[in-house]
Structures are given as C-alpha cells and as structure tokens.
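One chain is shown next in structure tokens, namely the form predicted on its own.
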Amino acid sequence: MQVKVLIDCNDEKGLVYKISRLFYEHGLNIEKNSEFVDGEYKKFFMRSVISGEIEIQVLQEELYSLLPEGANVRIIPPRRKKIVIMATKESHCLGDILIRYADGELDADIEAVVANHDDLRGLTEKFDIPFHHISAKGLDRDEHEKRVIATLDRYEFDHIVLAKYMRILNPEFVKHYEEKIINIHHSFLPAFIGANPYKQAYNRGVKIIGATAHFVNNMLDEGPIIYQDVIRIDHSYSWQDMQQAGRDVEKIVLAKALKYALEDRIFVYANKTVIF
C-alpha cells in the first residue's frame, strides 16, 4: 500500500532523521519526500509518500510519540477524491474543469454543480453531472445559503470549487465547510479585491494582470493563497480586453490549485500555505 504522510509541528533538530528512521523500522520505503522550515514561525513541514505494509493507526500513534507537542499528522491512504462545483453564469472555469474530468485529467469525481442561475445547466448535463439551480431571487442571503447547504449536504465531497460563483458567502457557510472551499479570483491578489477588479486594474494602468486561487475564509478575497499566475498587457487593452485575456489565466490557475488540493500537497497556517 502507498500512503501520503503530512506532518507539521514546531521545529526542532533531528526531525527528518527521527521520522525517516521510524519509516525504516516499519520496513517502509520512502518514494518521495519534501520538507520545509519556516524560520519566522519556527514551523516544520514534511510530506512523504511511503509504501509497504502499513498499519495506519499504529504508525500515526508512533509518529505523535516522537514529534513535539501540538504536532499534526495526517496519513492519507489512496482514494479518489470527490468535489462539488458552485457557479453562477460564466462558463469558462466550469467548462475547463468539466473537460479535464471527461478527459480523465482530473483525479476526482464531480458529484454535482450547484448554481444560483440556470444558465449553465445545459453545459453541465452534457457531462452527465447533476445540476442544481438554487435561485436567490426573493430570498435573503441567509435563507438562500440554507437551501444551498441542504443541497450540498446530500453529497459527500472533499472540496467545494467556486468556479466563478459570484456571491459573497456568509461566515456560517464558510465555517460549515472550513478549509474545503477553493475560489478563483480574477485578480492578482492582494491587489484589486472585490467587484470588477479588471476595471480597477485598467484605471490604474497596470501592465500585468493575473488570477489567484485561494481557500475561502471570512476575509473577503484574503484567504490562504494556493496558486497565482500573470500575463502581460499594454496600454491598448480596454478593461473588457483585459477581462477576456484574464479568463485564460483564471482557468489555468484554478486547475493548478485544484490539482494541488486533490494530491494533498497543501499545508495551511498563518493565513498562508506551504505547497510541496
């Protein structure tokens, strides 16, 4: 059996040696290994892919016994992940994920698409994926989100992907799915947060535009960043041109962030990430 072992704890001397020795004593082979120490926070991070005859509970207990107090240990056996996608009207990010799924490029099952408009039903159903339209018309935000949660909770999933879901989520919703929600923001954060960042960027005369994928928390567009990328533009671009060019970046950035999450490569701490 092959498993992934993710460890984060306070840093101290000899951690890599201690952990590797324990793997060796259990007769396990280290196929891949990455580690990092954040000097400012004195935090140690390690991701190992190991194989052999593994008793997960026993290995986890022995790892905790040799690590500093307060350590976090995750041992993740092979399992195909599941996601739910939330969308509004824009199709480019949703369509990109659906095509990757159909081509076998996305190592996850898409359980459903949930949207606050019905525009993307036809696109979704071409891929034989359930589509749920939950209109917000005539509802306050709390009531609408209760209906969304009731639909989401019909499914088991590892992550919610906001593929241009153009609504701000209440704190209660975010807490319900803490560190499970991945958003794509059409700007190179932390610049130009909130509505219409391309117009904000145009007004500032920027020469590069980008996109940012991040986990959602209760600070608007300020959750831990997973992946970012940029493209160059010039003075001839209108804000509409910038928006069109930015859509290509958004698709790539969201796909890359989702891949990292599905492969268990992300550690979240201090409102930022370590990614191996």
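Numbering starts at 1 and runs along the sequence shown. What you are looking at is a predicted structure, and each value in this text was computed from that prediction instead of being measured.
The following text describes the form predicted in complex with another copy of the chain, which does not appear among the structures shown.
Among the residues 66, 230, 49, 56, the one placing a heavy atom within 4.5 Å of another copy of the chain in the predicted bound form is 230.
Although the partner is absent here, residue 27 is a contact residue: one of its heavy atoms lies within 4.5 angstroms of another copy of the chain in the predicted bound form. Heavy atoms of residue 244 reach within 4.5 Å of another copy of the chain in the predicted bound form, making it an interface residue. With a 4.5 Å cutoff on heavy atoms, residue 170 does not count as touching another copy of the chain in the predicted bound form; it lies far away. Taking the partner from the other structure, another copy of the chain in the predicted bound form has no heavy atom within 4.5 Å of any heavy atom of residue 160. In summary, the region of this chain contacting another copy of the chain in the predicted bound form, judged by heavy atoms within 4.5 Å and restricted to 126-134, 174-182, 78-86, 140-148, corresponds to 126-134.
In sequence order, 247, 248, 251, 252, 259, 271, 272, 273, 274 are the residues of 247-274 having a heavy atom within 4.5 Å of another copy of the chain in the predicted bound form; the partner itself is omitted from this view.
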